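Starting off, we have a lone chain in the form predicted on its own, written out as structure tokens.
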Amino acid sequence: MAKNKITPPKTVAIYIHWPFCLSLCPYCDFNSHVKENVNHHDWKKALILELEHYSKIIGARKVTSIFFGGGTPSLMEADTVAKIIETIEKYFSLVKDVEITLEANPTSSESKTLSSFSKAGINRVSLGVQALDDESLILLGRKHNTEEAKRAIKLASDSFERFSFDLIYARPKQTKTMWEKELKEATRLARGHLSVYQLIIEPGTPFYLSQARGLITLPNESLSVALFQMTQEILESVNLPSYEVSNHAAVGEYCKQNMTYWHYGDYIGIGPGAHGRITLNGNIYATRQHRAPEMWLKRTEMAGHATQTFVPLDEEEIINEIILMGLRTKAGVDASNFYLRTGRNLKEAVNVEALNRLKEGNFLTSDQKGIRTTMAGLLRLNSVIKELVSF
């Protein structure tokens, strides 16, 4: 397909990856590594160097959100976080209500540092609670217990106007009754936002090997669907409806960083393995930094960055990505935004026959504003997307 010239958006989000954890969780396939001794001075310097490098590439756009992810970024020194935010302020223009999020674990030692992160400039935290059940926390390889999680949530509530926490459901041996009790307890602790992920066992993780050996078994499809539907009903009843397949929030509490991803905006990825999407010279470029932490550090110290991929996406790749991301959300794929990011009309870029079939089957709805998934469509999202973009 011929490429269309795409106008760069005036805003950008920035993702900072801290790859280190105290231990690795058996379900996690993120770029995470255990290392006892981290030279925080060197890492701070390298992250700042890579930020400076990308500021020269895209110019002084307005930053709508900054997200410190990992790994476990709450293991960073607060001074490192402060210096990174200071660097972004120096090279970019921050919007007045910029969202600056840091992921944190609810262990006692890490919870004690939340106030220092607030002073460093963090204005939103996302806690990796994952379960409100001690037996499940042990199974998931977490280093905190339920009481520590509740204390961390209380501390986050006291320290930040905005916070969220994550839960994982459809865990081994989990029943509808167990999940209903746990989720209702979570709604009493939450304020404005809650992320609820269905457990998916990824290749290469310890859970993948355990499942292959028959040591763990996930709920069957029928129970998984029932747990998903229960999640939607309970959270909607307490004004936390889904705005994306796994994220729930009151109006005005959506995570801005995630919205940038799902609406296919520009974002810079800094740190080992971090991905980005940047619009330049009429093209959208996919970027990725070197994945291995020590190699990333070495290359950044030498060259000012450790970019391993910086390639323009073709029109078909852009269309597939924007549909993949947009259909995960309640708002769906917005036709106006689709045209801005692709230069094409939405309904001319998808398989019209498939679109009509999916609408007749109540998997999708569409109008002049765009295309959206129904509840049935969300349950079969991968299949819906594959059919919609196939010709």
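Residue positions are given as counts along the sequence shown, with the first one as 1. For clarity, every value in this text was computed on a predicted model and none was experimentally measured.
The following text describes the form predicted in complex with a small molecule, which does not appear among the structures shown.
Participant: If you check 58, 28, 354, 331 against the small molecule in the predicted complex, which one has a heavy atom within 4.5 Å?
Facilitator: Among 58, 28, 354, 331, a heavy atom within 4.5 Å of the small molecule in the predicted complex occurs only for 28.
Participant: Tell me, out of 111, 300, 130, 231, which residue has a non-hydrogen atom within 4.5 angstroms of the small molecule in the predicted complex.
Facilitator: By the 4.5 Å heavy-atom cutoff, the listed residue in contact is 130.
Participant: For residue 142, is any heavy atom within 4.5 Å of the small molecule in the predicted complex, or not?
Facilitator: The answer is yes: residue 142 has a heavy atom within 4.5 Å of the small molecule.
Participant: Is the gap between residue 202 and the small molecule in the predicted complex 4.5 Å or less for some heavy atom pair?
Facilitator: Close contact exists here: in the predicted complex, residue 202 approaches the small molecule to within 4.5 Å, heavy atoms only.
Participant: Heavy atoms within 4.5 Å of the small molecule in the predicted complex: does residue 166 have any?
Facilitator: Within the cut-off, so yes.
Participant: Under a 4.5 Å heavy atom criterion, is residue 70 part of the interface with the small molecule in the predicted complex?
Facilitator: Because a heavy atom of residue 70 falls inside 4.5 Å of the small molecule in the predicted complex, the answer is yes.
Participant: Heavy atoms within 4.5 Å of the small molecule in the predicted complex: which of the stretches 272 to 280, 290 to 298, 254 to 262, 99 to 107 has them?
Facilitator: Flagged stretch: 99 to 107.
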